[in-house]
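As structure tokens, one chain now follows by itself in the form predicted on its own.
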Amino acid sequence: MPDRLWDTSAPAKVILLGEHAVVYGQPAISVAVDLRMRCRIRPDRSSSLNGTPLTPQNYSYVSACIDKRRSGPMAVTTESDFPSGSGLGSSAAVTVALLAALAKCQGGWREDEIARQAFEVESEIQGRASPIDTSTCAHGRGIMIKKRPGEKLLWEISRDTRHWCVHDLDVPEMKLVIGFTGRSAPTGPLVAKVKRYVDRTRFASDIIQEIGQVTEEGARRLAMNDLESLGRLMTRDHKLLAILGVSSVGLDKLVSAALPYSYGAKLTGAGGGGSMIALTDRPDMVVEAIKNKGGQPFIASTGVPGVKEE
């Protein structure tokens, strides 16, 4: 069986509205974009990632996926269109793509099964996570996470006392410019930082609730294809996230540079570094503005599929 290969890919994701608040049961909106993580696996004598042997201390997501599927040793090769630690869901994309490849070599897979298993892996590694990244990478296109089931429900996921309902979301064709600060920031410590703030103060809890309200309004504006209003809500969300302490000097600099040429701009993902996004009809001007401030820009489009065989 050593010559058997299984290839899959999963998209990057950007959170339009609701990151961090989604961990506390508030709604969030996320979209897949046309940057992909590709994964190839083959059985081998021992497990490795891109030629480096896997140990319990390195590549925790890859090791956890192999353990979860009980697949036996695998040589894993990955190739990505976007940087690790950039706030675009690299850990979720590699987890989703790898789980799908492992399931494929064992007979087949379902989108909801991969989304659930990928969320379990992220929760084990990060300590406290929401299923938004993994569900977006699995489903593609757009999703909205809410507390209660509604129309276009895809699946429900529970962990400890928390419960999420993942819905398909119609997203208009949009151009987003992603600006990577060049500084990677792991998700786990930032999620823990917000939790300490929320546990200590009512003020932080109120900010979480307000982010939820902004997200609900954003869903209404998306349905109306009102990108100007959606952009304003994105900028408002960035300010609220900055109050929670998850922005950074680099992110604020890129957001400010993009705003004159955009409907709105905000950090995306955990923050602390990583990337920001700008919703714009002048992507070339935003790209130049981000470059001038030392950021690494990507132009991305919405409306792409989730995990798939290659």
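From 1 onward, residues are counted along the sequence shown. Quantities reported herein were computed from a predicted structural model and do not represent experimental measurements.
The following text describes the form predicted together with ligand MEV, which does not appear among the structures shown.
Identify which of Ile208, Val171, Ala129, Leu176 has a heavy atom within 4.5 Å of ligand MEV in the predicted bound form; exactly one of them does.
-> Going through each option in turn, the one that passes is Ala129.
Does the 4.5 Å heavy atom contact test between Ala300 and ligand MEV in the predicted bound form come out positive?
-> Contact with ligand MEV, no.
Does any heavy atom of Val286 come within 4.5 Å of a heavy atom of ligand MEV in the predicted bound form?
-> Judged by the heavy-atom cut-off of 4.5 Å, Val286 is well away from ligand MEV in the predicted bound form.
Val191 near ligand MEV in the predicted bound form, any heavy atom under 4.5 Å?
-> Yes, Val191 sits close enough to ligand MEV in the predicted bound form that at least one of its heavy atoms falls within 4.5 Å.
Mark Thr215 yes when one of its heavy atoms lies within 4.5 Å of a heavy atom of ligand MEV in the predicted bound form, and no otherwise.
-> Heavy-atom contact with ligand MEV at 4.5 Å: absent for Thr215.
Options 131-139, 104-112, 148-156, 76-84; stretch whose heavy atom lies within 4.5 Å of ligand MEV in the predicted bound form | The contacting stretch here is 131-139.
Check each residue of 150-177 against ligand MEV in the predicted bound form and list those with a heavy atom within 4.5 Å, in sequence order.
-> Heavy-atom contacts to ligand MEV in the predicted bound form: nothing from 150-177.
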